[in-house]
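There is one chain below, alone, in C-alpha cells, taken in the form predicted on its own.
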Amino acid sequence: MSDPMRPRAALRTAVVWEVLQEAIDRRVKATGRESLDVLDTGGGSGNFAVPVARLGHRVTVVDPSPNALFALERRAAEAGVADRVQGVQGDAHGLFEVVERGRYDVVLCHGVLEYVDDPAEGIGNVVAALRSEGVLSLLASGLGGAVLARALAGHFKEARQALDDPDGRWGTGDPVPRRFTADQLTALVEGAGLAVAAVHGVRVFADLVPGVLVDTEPGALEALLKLEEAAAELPAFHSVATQLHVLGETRGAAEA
C-alpha cells in the first residue's frame, strides 16, 4: 500500500510509515494471523492508528488529551475503521491502568519520550505491553537536527546551548523538553530487553528545504521523499535528523 499520508505531510511521515508497514507485514507472516493487536501510545488524533487500522488491524490509542481522542474517533469513523480503533485516555506512566500487559503484537511510541519524566521507565512500560514476540516502533526528537536548525536560522548561541544541554534544549522557550541521540535511544531500547532491528533518521532534509521550493518545483516533492528514504538508513545522517526512529524487537521475534 502506498503511503496514505501523502503528499505534503508525507515528508514528515513517509520513512516511518514504510518501516512500520514492513514490520507489521513481517509480524503477520510470522504469526499467521491477518489481524494484529496494535497499541499506539500518545497516538493523538490517529495519524498512524487510522492507516494501520485500514490495513485490517485492531488499534488501541492511549493519549492524555480528550480533544485528541475525540478527533481520533471522528477520523476513524470517516475512514470507515471505527470498529477497529479504540481510544482511551491515559499516558505512558500509568499505561497499565488502561491497557493490559503483554497483549500487543506491535507497540508505537511516537513523540512520547520527549515528555515523560523518566524515559527508561516510559520505554519499560511500552515494552511490557508487548507479547513475547512483538515489535516496538519508537520515534523521538533528534538532538542534531535541533542544533542544525538553530544554527541555520542564525541562532548560534541557542544552537550551542542545545549542544551542551543534557536534555538538548536550546533555551527556556524551547517547546521540546528533551531530545536524544541515536546512541541514547538504542541504549534505552536495549536496556528494556529488546534487540534493535533498525535505526532511521527522519526529516533529515524536509525541515530545512523551503516549502515554496517543494510546492512549486515540478517533481520536487517526490524527489525529496526519495532523498529522505535513501538517507534514512545511513548513520552519517542520523546525527542531523530532526527525528530518530528505532525499530525494536523482542528476542523471540528477532530470532523468528
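Because the structure is predicted, anything quoted here is derived from the model rather than measured. For every residue, the number given is its place in the sequence shown, counted from 1.
A second form of this protein, the form predicted in complex with a small molecule, is not displayed here; the remarks below concern that form.
Contact with the small molecule in the predicted complex holds for all three of P64, H110 and Y115, each having a heavy atom within 4.5 Å. Residue contact check for G201: none of its heavy atoms lie within 4.5 Å of the small molecule in the predicted complex.
In the predicted complex, the small molecule lies within 4.5 Å of some heavy atom of G44.
None of the heavy atoms of L185 is located within 4.5 Å of the small molecule in the predicted complex. The small molecule in the predicted complex is approached by D91, whose closest heavy atom lies within 4.5 angstroms of it.
Just one listed stretch, out of 52-60, 190-198, 218-226, 36-44, contacts the small molecule in the predicted complex at the 4.5 Å heavy atom level, and that stretch is 36-44.
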